[in-house]
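Presented as structure tokens, the chain that follows is alone, the form predicted alone.
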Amino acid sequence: MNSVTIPKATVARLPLYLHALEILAAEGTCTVSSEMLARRVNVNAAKVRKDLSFLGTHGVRGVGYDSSELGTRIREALGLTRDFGVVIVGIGNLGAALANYDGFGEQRFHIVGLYDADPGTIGSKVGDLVVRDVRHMPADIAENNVEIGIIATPAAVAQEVATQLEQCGVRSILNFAQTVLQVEQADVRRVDLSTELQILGYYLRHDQS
């Protein structure tokens, strides 16, 4: 596998390319051009070619890329060649919806634990898992070799949860709480739905002006 460091902007587009390839494969497409991927992902073809060059693949002029091989290269770059254990902390409406999302398992991210501090939520069942008291999380994470934590708690307790996750050895955190987390070494991705809606509002305003 190519050891070149891939730019963050390229990493953010790789899942989009992979999704496009999966759709094209379902449609029976065995070879894909940079132009085909560009149309699916809404970027220009030159950017597609530059992004894919970081994977050590340049395609064949006039032919394109072998869809299966390119998909394998992207999965390798994203680390999708093995399974990942994931826990969700905060099982309100959002946390429960995430726990029920089938797409995680399809990409080898397996929800192995659900946690909450609310006595009314602890002991309830979401899908195949029972919500456990957050106090059990450290032992469970160690037992299941969990690497990813999803925070879906209120903002007021999200930092405390992030600190606990990191202390338990969790290396990556997906944060849905409306707050910026401070961590020592873990990688954090923030998903702020309110912010995204505000950005859409900006574009709507300018489209109408």
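Sequential numbering from 1, following the sequence displayed. Since the model is a prediction, treat every value here as computed from it, not as a measurement.
Below: the form predicted together with a further copy of the same chain, not depicted.
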{"query": "a further copy of the same chain in the predicted bound form reached by all of Ser172, Leu200 and His206, non-hydrogen atom within 4.5 Å", "finding": "yes"}
{"query": "Residue stretch of 147-155, 45-53, 62-70, 27-35 approaching a further copy of the same chain in the predicted bound form, non-hydrogen atom distance within 4.5 Å", "finding": "147-155"}
{"query": "4.5 Å heavy atom contact, Ala97 and a further copy of the same chain in the predicted bound form", "finding": "yes"}
{"query": "4.5 Å heavy atom contact, Ala142 and a further copy of the same chain in the predicted bound form", "finding": "no"}
{"query": "Contact test in the predicted bound form: Gln107 vs a further copy of the same chain, heavy atoms, 4.5 Å", "finding": "yes"}
{"query": "Distance check, Leu80 to a further copy of the same chain in the predicted bound form, heavy atom within 4.5 Å", "finding": "yes"}
{"query": "Residues within stretch 16-31 having a non-hydrogen atom within 4.5 Å of a further copy of the same chain in the predicted bound form", "finding": "Leu16, Leu18, His19"}
